[in-house]
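Take a look at this single chain, the form predicted on its own, given in C-alpha cells.
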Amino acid sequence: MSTTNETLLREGITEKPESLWSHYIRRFRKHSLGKIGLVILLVLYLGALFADFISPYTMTWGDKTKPYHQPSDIQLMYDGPQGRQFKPFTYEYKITNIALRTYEPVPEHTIRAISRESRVGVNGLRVVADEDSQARRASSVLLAVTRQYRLGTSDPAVSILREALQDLEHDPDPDARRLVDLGPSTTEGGQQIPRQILLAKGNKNFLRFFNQGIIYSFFGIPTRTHLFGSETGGYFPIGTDATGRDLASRLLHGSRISLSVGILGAMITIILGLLIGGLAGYFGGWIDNILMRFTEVLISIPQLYLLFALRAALPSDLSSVQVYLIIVLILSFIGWSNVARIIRGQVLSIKNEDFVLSARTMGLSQFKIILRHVLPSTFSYVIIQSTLSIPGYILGESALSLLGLGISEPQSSWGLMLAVGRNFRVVRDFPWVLIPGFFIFLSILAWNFFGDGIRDALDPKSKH
C-alpha cells in the first residue's frame, strides 16, 4: 500500500489535490544543490543575526599590542595541579618583532590584569606583566590600573589591588584567577560605575562555552555571555587585523551588512522593475517610449563608472547607516533597468490573455488589473531573478568597500576587511586577512545554488 502511495506521489497523483506551493516545495526538495545552498544561507544569516552572541569579542574591541596576531592554536589537554585533564586553552603571546609582527608565548610567571567594564562600547584595560621579579610585575599592573581609573596612591582601591596581587603571587596554583572589586567610581554626571579587575596568573587563556567576556548589547539587553571564548582574552580563532581587532568577530558583524545589502538591493530593484516595466508594457504608446528610452540610456552607461560617480557625488562625512542605505540605493538604481525590460516583455504578452480581457469586460480599473492579474503572472520570473541577482549586490558592496567608497571604519563589512589585501606584503605575510573573501565566495555560490533550485522548481519543463 505504501509503495502504491509513493508511486502516486512521485507521479504527482494524490488523493488530495496538491496546492501550488506544495508542488513547488516538493520539486525544490529534489534539487540537491538547491538544498545545499539553502542550508549554507541559513547558517550564514543565522550567524549574522546572532553575531553579538557568537563572536568572542565585540566588533570594535581590539588589543593594540597584537597587530596581525596569527590564528590561535588550541591546546586540548591541560597539565595542572589536579593532573592531566581535558581543558582547552591557548597560550598568551607577546610581540617580539614589531616590523615582522612575530610573536612568542609569554613566560609562565606572567600576571595579567583585565578590566571588566560595565558600559557597552568601552574598550577595557588589558595588561600583561611578564617581568622577572614579583615586585616589578605588581608595579606594572598597579601603574596601568591607576592610569586607567585615575587613582591616587592613597586611594583604597590601590591597596585592595596590591593585596590581591600579593595573594595571587603566593597561590600555589600556577594558573590561579582573582576577580577584584575596586569599588564604584563616580562619573561627571553623578552615576556610580562598578570597577572590577580580573587578575590571571600564568600564560594560558582557558576556553569554554558561554564565556563571560566583553559586555555588549544583545537586542537591547546588556550581557557578557559569548558562545565561546576566554575570560582573559588572547583567543583569536582566525587572527587579528592591523589594529589588533579579532577578525572572527568583525567577520560575523560584517556579514550583517554584506548579506543584507543583497536582499534589500534585490527587493528595491524588483519593485522598480515591476513598476516601470509593468507600466510600459501595459499602457504602451508614449509611456512605453519614454520609460524604455530612459532605461536604454541607463543600460548604455558603464555600470562601474556610474557606480563610482554616484558614490563620489555624495558627501563623504556621512554616518555608517547613511552610507549603508546609500550603497543599497546606488546598487538598486543601477540594477533595475534589465529587470524592467524583461517585465515589459512579459506584460506585453500577458495583457492580451483571456483572463485580462475578461477583467476589462467586467469593468475593473486598469490599476486593479495590473496589480491583481498582470503583475502576479510575472512573479515566477521575479522570484528567480531575485535569488540570482543578490550575488551581484554582495559583490557590488564588496567592490565599493574595497575601494574605500563603501562602509567605513569602525564599521565592518567583508569588502572593507579585504581592503588590506591591496598590499601584497600583508597578503604574503598574514594570509588569514583574506578569509572574508572565502565567505564572499561561499555566499555567492550558495545564492546561485539556491537560485537554480528555485528556477527548476518553478519551471514546469524542468526534469525536477
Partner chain sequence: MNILNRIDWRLTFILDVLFAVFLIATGTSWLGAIVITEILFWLVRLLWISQAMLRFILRRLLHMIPIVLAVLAIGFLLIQLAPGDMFTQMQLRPDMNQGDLETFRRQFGLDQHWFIQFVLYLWNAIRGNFGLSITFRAPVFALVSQRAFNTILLSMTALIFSWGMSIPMGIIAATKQYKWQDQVISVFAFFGLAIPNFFLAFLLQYVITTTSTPPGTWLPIAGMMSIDHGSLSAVGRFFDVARHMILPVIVLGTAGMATLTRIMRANMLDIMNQQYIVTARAKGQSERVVVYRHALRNAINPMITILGFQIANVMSGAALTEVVLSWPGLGSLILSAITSQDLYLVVGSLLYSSVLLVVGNLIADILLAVVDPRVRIA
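Residue numbers count along the first chain shown, from 1. Keep in mind the model is a prediction, meaning the values are calculated, not measured.
Only in words, not in the display: the form predicted together with its partner chain, which the text now covers.
Asker: Determine whether any heavy atom of Ile301 comes within 4.5 Å of a heavy atom of its partner chain in the predicted bound form, and answer yes or no.
Answerer: Ile301: contacts its partner chain in the predicted bound form.
Asker: Using heavy atoms and a 4.5 Å limit, would one call Tyr305 a contact residue for its partner chain in the predicted bound form?
Answerer: Taking the distances in the predicted bound form, the answer for Tyr305 is yes, it comes within 4.5 Å of its partner chain.
Asker: Is Leu310 close enough to its partner chain in the predicted bound form to count, meaning some heavy atom within 4.5 Å?
Answerer: Judged by the heavy-atom cut-off of 4.5 Å, Leu310 is in contact with its partner chain in the predicted bound form.
Asker: If we define contact as a non-hydrogen atom of the residue within 4.5 angstroms of the partner, is Leu445 a contact of its partner chain in the predicted bound form?
Answerer: Output for Leu445 is yes: heavy atoms within 4.5 Å of its partner chain.
Asker: Report the residue, out of Val43, Ile36, Leu49, Ala399, that has at least one non-hydrogen atom within 4.5 angstroms of its partner chain in the predicted bound form.
Answerer: If I apply the 4.5 Å criterion carefully, the residue I get is Ala399.
Asker: Want to guess which of 424-432, 63-71, 50-58, 22-30 is within 4.5 Å of its partner chain in the predicted bound form, heavy atoms only?
Answerer: Result of the contact check: 424-432.
Asker: Which residues within 438-452 place at least one heavy atom within 4.5 Å of its partner chain in the predicted bound form?
Answerer: Residues within 4.5 Å: Phe438, Ile440, Phe441, Ile444, Leu445, Asn448, Phe449, Asp452.
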